[in-house]
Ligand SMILES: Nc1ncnc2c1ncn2[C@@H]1O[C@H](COP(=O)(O)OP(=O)(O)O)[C@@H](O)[C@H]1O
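Coming up is one lone chain in structure tokens, specifically the form predicted alone.
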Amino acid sequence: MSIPVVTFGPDQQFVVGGLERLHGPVTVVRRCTELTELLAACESGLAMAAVISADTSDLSSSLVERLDAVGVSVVVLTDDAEEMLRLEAIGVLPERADIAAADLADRISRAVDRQRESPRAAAGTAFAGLFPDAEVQLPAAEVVREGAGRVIAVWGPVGAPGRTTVAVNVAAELAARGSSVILADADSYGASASAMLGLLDESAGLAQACRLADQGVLDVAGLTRIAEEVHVRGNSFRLLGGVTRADRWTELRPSALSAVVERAKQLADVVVVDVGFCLEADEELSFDSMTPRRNGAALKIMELADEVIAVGAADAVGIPRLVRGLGELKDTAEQANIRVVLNKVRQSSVGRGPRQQLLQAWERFGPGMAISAYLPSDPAACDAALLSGTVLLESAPDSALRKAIAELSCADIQQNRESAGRNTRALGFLKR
């Protein structure tokens, strides 16, 4: 099999000359003078691999993802040990600059074979295990724990069902009960968690974290510095604020967001993510499939979620929207435990005995999923929390809405403990 390769960097002559003298399967088809030229050549289908021997500071996981999407493996020649670690983290195969031509050709062939057999599933995993004797060494700060945190996505259909209110207060309730929590605002249409908590949103913490992840340099210590601390009744949780303007949604690249979530799981017991309403993937059908996707952030979180809290407004408009949206939700979050929550429950919108009325309507028209919780309408408590920039636990601890959200959060903790208990008993049985 002939392997066409494009090259870029000042050492091209050395690389090209060595590969050409081998007369092997690796053939250099173009020498590029700029990284953009290399990218264009690869996306045109000219090459199966790219060899870069230049400054790689502009090489990011997003760019590597674009190359991977068109079936191109990336090999970088460098003698910088720190840069090698960064490149491995974003899915690039680094090699020493003085590698022999025959060894380089062999690495390129094996990388292309692996890329064909198993396309890169996430940044940093493309070449894991490619060479048994080459262990990836992470910085000491990275070795915290192995992804212990659970991911809870809070989603709701179009409109204002109360996604952010639920997400913020679930994070607060979990933190108040002793769990370490990170709340991330990944709503690419209207991020508002920072504003709800009375915080300045200029920092856009999640976008900052995504930029570092895109460069392969995000570690747990860096994530800790970026995330703002929100104090709740003697405890606290951390917040990664959303993008400050809707037109900044391109900063929430799915591959980078996935890396941020993995780091967050190392730092916290629970990662609560407020996501946007739209789960459509139709934009992938556009003529340029490499362009950023506005719904990519929400779709990626759904892939990573262990649990999804689906929030719908309890009225004649909100419930049909929720029912229609749950179909898309089940398709995009197949692995997650989905819990349906009806919010803003009030007699004036559904009649006397609102819970019974809603339950009867749901059993008749719903998608066959149980309702996990009913959250009462409590505009006075919400207004007080919004005015003071605090959570319900602080501003209205005795409100019916706060108690219902606390019950919802407690059920989550209890369910997790029971699951852990079952696993422990099962392990004990196996040991006997």
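Each residue number is its position in the shown sequence, starting from 1. Worth saying up front: this structure is predicted, and the values here are computed from it rather than measured.
Not pictured, yet referred to below: the form predicted together with this ligand.
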Among 253, 163, 238, 300, just one has a heavy atom within 4.5 Å of this ligand in the predicted complex, namely 163
Counting any non-hydrogen atom inside 4.5 Å, which residue from 338, 85, 196, 267 sits next to this ligand in the predicted complex? 196
Does residue 382 make contact with this ligand in the predicted complex, using a 4.5 Å heavy atom cut-off? yes
So in the predicted complex, does any heavy atom of residue 60 sit within 4.5 Å of this ligand? no
Since only the chain is shown here, I'm wondering whether residue 366 would be in contact with this ligand in the predicted complex (any heavy atom pair within 4.5 Å). no
Can any non-hydrogen atom of residue 188 be found within 4.5 angstroms of this ligand in the predicted complex? no
Of the candidate stretches 210 to 218, 69 to 77, 230 to 238, 164 to 172, the one with residues having heavy atoms within 4.5 Å of this ligand in the predicted complex is 164 to 172
Scan 51 to 87 and note down the residues that get a heavy atom within 4.5 Å of this ligand in the predicted complex; none is a fine answer too. none
